[in-house]
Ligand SMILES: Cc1cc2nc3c(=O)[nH]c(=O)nc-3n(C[C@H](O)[C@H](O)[C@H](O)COP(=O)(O)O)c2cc1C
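Below you'll find only one chain, the form predicted on its own, shown as structure tokens.
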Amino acid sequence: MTNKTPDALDLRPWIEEVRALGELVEVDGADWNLELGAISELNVKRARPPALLFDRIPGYADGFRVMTCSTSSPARLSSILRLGHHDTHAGLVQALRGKPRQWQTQAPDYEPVDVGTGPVFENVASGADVDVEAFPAPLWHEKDGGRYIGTGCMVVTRDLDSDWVNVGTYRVMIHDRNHVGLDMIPGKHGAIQYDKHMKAGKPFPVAIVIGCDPLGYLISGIEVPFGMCELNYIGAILQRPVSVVKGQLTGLPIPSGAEIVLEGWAHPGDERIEGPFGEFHGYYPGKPATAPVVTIERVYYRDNPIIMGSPPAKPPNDYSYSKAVMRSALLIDALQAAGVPDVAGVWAHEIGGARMFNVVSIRQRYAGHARQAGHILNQCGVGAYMSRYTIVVDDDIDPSNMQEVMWAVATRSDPELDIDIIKRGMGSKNDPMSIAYPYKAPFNSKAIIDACRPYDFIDEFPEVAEASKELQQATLAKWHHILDK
């Protein structure tokens, strides 16, 4: 490993970088009660949504802030992932290709470094002074079950019978001043660790990082291999180790530059009703249910702390763009690994939560090429879970442009000839359509739509009535003062 200075995952230098890019808007006076969430939701639906930094939130001290929409543009996401500057979807996906495999391989070389102290310890509250409600956690949506302080968060936990530290992005709802609900989907690494502790009758150590460099929650929200610590994976991206301090109660590693950390224990049998809260596909798929309660015994926070917010909602939502980019790159790599040639691009559309509506563009080389690409994209390891619609288009179609994609579907496909159905594919109980399925297990059917020019008539297919790409670029360059308005 290199001897580079450890990185504290400090949010504030990144905010200044985003400010310099012209991609930050500061908002004063928005109420934590629904208003802050609604502003963020409407903002992310804009063509180029900026990051938002909320201050002077009614009922809270000035300087107690909330940040949202951190990952919602190519420029910000490429900055977070340390990929240089990219302004386009395609450029960012291309820059990301192969990187996850590289980061995973290098992760063991980047053990976090304990530096003893850091800005996160500027303020420490314990015992009767613990008050989670002192921070302006939003009520994000009207039908939420409570105020969620943990959305763009990192939940640090430890395995019972090994030294494996896991960092996951799990939602955290406030119950009262020193209790929060922690929702972990069964099978997720944090839930596996929790179950071990509960079966042994032992309290489960938890440290919840409420704000830091957005790379933290971005990586803790993806699939990192079982037994690997996300802090190592983040170190591989940074090409230097993460600087951590140990929680004073649990000894869990937390980024030394974190904004707010809640530390405590989930005790056996301590569960309360949690939720509902929206999911990535834009629905409330389940009713309120019991979830583990974490008793917060210590709170660490910086002066003028910042909550990192990233609430799910109907797409596009706060983090759907980042999921679309990262999954698109993984899908291209999967197609290449499977031997599919001449893949021009892939886009895992935000409208499907980067899972349920995926498009691949190819340069057709042989009969069956389009169906091969579609079925592999739909059923590969990265793509199978909750995949519903997979569309294959020619390389003159931008797979991220829904108007172009649906034009190809409308004009280059025949419903009888060009739609393949896979029955009883890999689904999820989290699927809003699962309520209508006849299955006991989490299946769903899947459609592969071949919206390419029919290969056996490819030379006879009508030409497109559109200016060539070269003419479009030349025209835009000359007439940008008219066309860019």
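What you see is a predicted model; the values in this text were computed from it and never measured. A residue's number is simply how far along the shown sequence it sits, counting from 1.
The protein also exists as the form predicted in complex with the ligand; that form is not presented, and the subsequent description refers to it.
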Okay, which stretch from 163 to 171, 86 to 94, 208 to 216, 397 to 405 lines the ligand in the model of the complex, with non-hydrogen atoms inside 4.5 Å? 163 to 171
Is D131 close to the ligand in the model of the complex, meaning a heavy atom pair under 4.5 Å apart or at it? no
Using a 4.5 Å heavy atom cut-off, state whether E223 contacts the ligand in the model of the complex. yes
So in the model of the complex, does I185 come within 4.5 Å of the ligand, heavy atom to heavy atom? yes
Would S361 count as touching the ligand in the model of the complex under a 4.5 Å heavy atom rule? no
Of these, H197, H281, R355, R298, which has a heavy atom no more than 4.5 Å from the ligand in the model of the complex? R355
Contact residue in the model of the complex, from E350, E263, E230, D333 (heavy atom within 4.5 Å of the ligand): E230
With the distance limit set at 4.5 angstroms and only heavy atoms considered, check whether H189, Y319 and K323 all reach the ligand in the model of the complex. yes
